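Next up: just one chain, as structure tokens, the form predicted on its own.
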Amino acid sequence: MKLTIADIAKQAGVSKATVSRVLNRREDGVGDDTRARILKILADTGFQPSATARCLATGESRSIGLIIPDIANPFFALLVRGAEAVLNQEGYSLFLCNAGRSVAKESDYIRALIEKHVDGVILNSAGSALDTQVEALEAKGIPVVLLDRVIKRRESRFGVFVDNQHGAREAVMYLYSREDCDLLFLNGPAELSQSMERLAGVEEALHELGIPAQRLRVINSDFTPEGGYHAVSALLGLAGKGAPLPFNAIFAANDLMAIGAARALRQRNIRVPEDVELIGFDDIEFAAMLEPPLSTIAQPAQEMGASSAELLLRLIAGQKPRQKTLVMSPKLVLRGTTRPRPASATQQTPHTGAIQNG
């Protein structure tokens, strides 16, 4: 016979409401001795409450949906790790949904999470042009926090982001501090918010330095190692065997594309950083393990994930934070894929952030 909350309450000599407070980790209305007695009975009996019954009784599922665009990208795993730590500490379960870079699949997950009566959703969208997913959640009264990727009407939504434009500017300012730099900017899909913002940072640096447009080449790829590899291989192939390199520095809009680009260079015996310098974006764990270790723009990924969960829990609790969006600062981490610069060449400008040697 399956135990019920009523059975636990009878054994403990308390009301069902008191047992419910203990199960839901609510501090109010339960004394320490009573809580300890109930927890001992729960442990001794192996009682497992029905999630469906609890949802019907309290209107809460104690579950959160987190949608990411690509589970194969280690950067998103760092976001998940940060969010999960906060949610688990507060007694919430996490439904992790991998959209596989598909807006259609993302929409399917939104419908599934609504059917599961989740208490809130953290959305790292596969696209940036459509806001129907957020509207579907809002129509059901489900709080939603955007993470990492901006979608339409950002100013009216809650979200946690990184300053992509600033990060890209930092990378390009460093590379162009070498006077003979001819740069390839390996960007992501043109329609995504990160790609637009990082391109804006590149253009800002060029304008500020007065660099002519012919010293920059921009190629859009897909944020994967394969995308970075094929883009660089194709460009080197067009140059022809023995021809001068069409660039001597690469800034890749994420580390995975930078890893692919490094492979393409290595296959053609092009030395990094002697012949071509390379900077990525994200600072995934693999970045420091490459040979040579990858210079990159480091995002505070776990902190971003944790902050998105904290913001969502405040919304679930009925609070309305005055600051709707949190924008975090990235930093340039210099490792083995870039050459050292004289101190005079990298003097900080009023907009320049921290540079860390890793």
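Keep in mind the model is a prediction, meaning the values are calculated, not measured. Start at 1 with the first residue shown and count on from there.
Omitted from view is the form predicted together with a small molecule, to which the following refers.
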| item | value |
| --- | --- |
| In the predicted bound form, the one of N248, N98, Q165, N73 near the small molecule [non-hydrogen atom within 4.5 angstroms] | N73 |
| Candidate stretches 264-272, 194-202, 114-122, 208-216 - the one whose heavy atoms come within 4.5 Å of the small molecule in the predicted bound form | 194-202 |
| The small molecule contact at A253 in the predicted bound form, heavy atom, 4.5 Å | yes |
| Touches the small molecule in the predicted bound form: R157 (any heavy atom, 4.5 Å) | no |
| Partner proximity in the predicted bound form: S308 to the small molecule, non-hydrogen atom cutoff 4.5 Å | no |
| D282 within 4.5 Å of the small molecule in the predicted bound form, heavy atoms | yes |
